[in-house]
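Shown next as structure tokens: one chain only, the form predicted alone.
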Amino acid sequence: MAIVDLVNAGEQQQQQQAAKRQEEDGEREYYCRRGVRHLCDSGISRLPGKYVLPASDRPGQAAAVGSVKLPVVDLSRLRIPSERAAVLRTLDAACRDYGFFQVVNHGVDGELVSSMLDVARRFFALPFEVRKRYMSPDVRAPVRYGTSFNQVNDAVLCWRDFLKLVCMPLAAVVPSWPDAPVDLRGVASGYAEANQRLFMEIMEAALEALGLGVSGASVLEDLAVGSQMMTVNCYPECPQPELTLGMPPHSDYGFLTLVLQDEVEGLQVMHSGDWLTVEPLPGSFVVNVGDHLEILSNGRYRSVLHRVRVNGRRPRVSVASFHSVAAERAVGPAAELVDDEHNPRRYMDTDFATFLAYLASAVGNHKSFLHSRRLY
């Protein structure tokens, strides 16, 4: 009888564990199907368990160690021949030391910038029934309303909703973008075009700072017909912001990311082992080095970890524009920057298919992807 009792107890325990897993999976699916904007609108006063990070990963009650005023690249000076060299030195140092900088006097119309933030806020304020038409867990979807960071693989969900818009070829993809708010397509497409022009100007300067001549021109040609994706982010006010993050520590896939953020702080950059809060600079874009540019520079430029904190008082909106070569193109270290004796090749070639396969199979940590491409 004792043996029978032990067997029955074991079976009962397995059934309880299976029921618990099924309940957790159902809870997870519920949150992934609705997102945090809907959850916030429901009036919750405590953070659901699926959003609570392990103690070691939480941002905590305190702010970051400090704030940082990122290096500033003034594009109006870059366009003056006598001042270009000095601006290139600033850009080079920023990409080496921080992996981040802010761009001012960029030429993107201020009214367009304001309209992009405004239409973003109005999209996330739409009824859930309208927004959910674009919800998809498919990371390859050209138009995707989603939540968290990588909702398929995240062990703990993040306090973020997003609208992803593939932007190339622009004329072909815009008709598939959301038609509400009614001005979203017009504003977002104009903003995407302006971002692509700005990206090309900054990349031309970065390649010049790296000392790339013929190969730099070839890279620019590839980027002109490459890929662009915009992610419109919403970080609603959070009932317990010390327990979660809007985005976990990660680096960006691609060459450069151009970020437009509102006046609410949240973006944090890892620098010298500390998390530093980026001080919003009105009228600027935050630009960061992506994995592709670190690989092309053979490690000279740094694609660094960054994350997003949330707060309990005000929602935050940002628009990130990611730029790279076409999906089928591979990126490797530039030949001019590889020296077998003094600066050997540090990275394997990579392409978008490799990245997507990694993203689909891993826990969603982009920085691990870059590490996976390192040769030593």
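Residues carry their position along the shown sequence, with the first being 1. Computed from a prediction, not measured in an experiment: that's the story for all the values here.
The same protein has a further form, the form predicted in complex with N-oxalylglycine (OGA), not shown here; the description that follows concerns it.
Problem - Contact test in the predicted complex: residue 269 vs N-oxalylglycine (OGA), heavy atoms, 4.5 Å - result: No, residue 269 sits far enough from N-oxalylglycine (OGA) in the predicted complex that none of its heavy atoms falls within 4.5 Å.
Practice task
Would you check, heavy atoms only and a 4.5 Å threshold, whether residue 136 touches N-oxalylglycine (OGA) in the predicted complex?
Solution key: Contact with N-oxalylglycine (OGA), no.
Exercise for the section: Examine residue 250 and determine whether its closest non-hydrogen atom to N-oxalylglycine (OGA) in the predicted complex is within 4.5 angstroms. Expected result: Residue 250 belongs to the contact set for N-oxalylglycine (OGA).
Practice task
Evaluate residue 159 for contact with N-oxalylglycine (OGA) in the predicted complex, applying a 4.5 angstroms cut-off between non-hydrogen atoms, and reply yes or no.
Solution key: Although N-oxalylglycine (OGA) is absent here, residue 159 would stay clear of it in the predicted complex, with no heavy atoms inside 4.5 Å.
Problem - 70, 325, 308, 334 - the one with a heavy atom within 4.5 Å of N-oxalylglycine (OGA) in the predicted complex - result: Of 70, 325, 308, 334, the residue with a heavy atom within 4.5 Å of N-oxalylglycine (OGA) in the predicted complex is 308.
Exercise for the section: Counting non-hydrogen atoms within 4.5 angstroms of N-oxalylglycine (OGA) in the predicted complex, say which of 259, 212, 276, 223 makes the cut. Expected result: Of the listed residues, the single hit is 259.
Practice task
Using a 4.5 Å heavy atom cut-off, indicate which stretch of 35 to 43, 315 to 323, 340 to 348, 50 to 58 touches N-oxalylglycine (OGA) in the predicted complex.
Solution key: Every other range fails; the passing one is 315 to 323.
Exercise for the section: Scan 213 to 248 and note down the residues that get a heavy atom within 4.5 Å of N-oxalylglycine (OGA) in the predicted complex; none is a fine answer too. Expected result: Those in contact are 231, 233, 235, 247.
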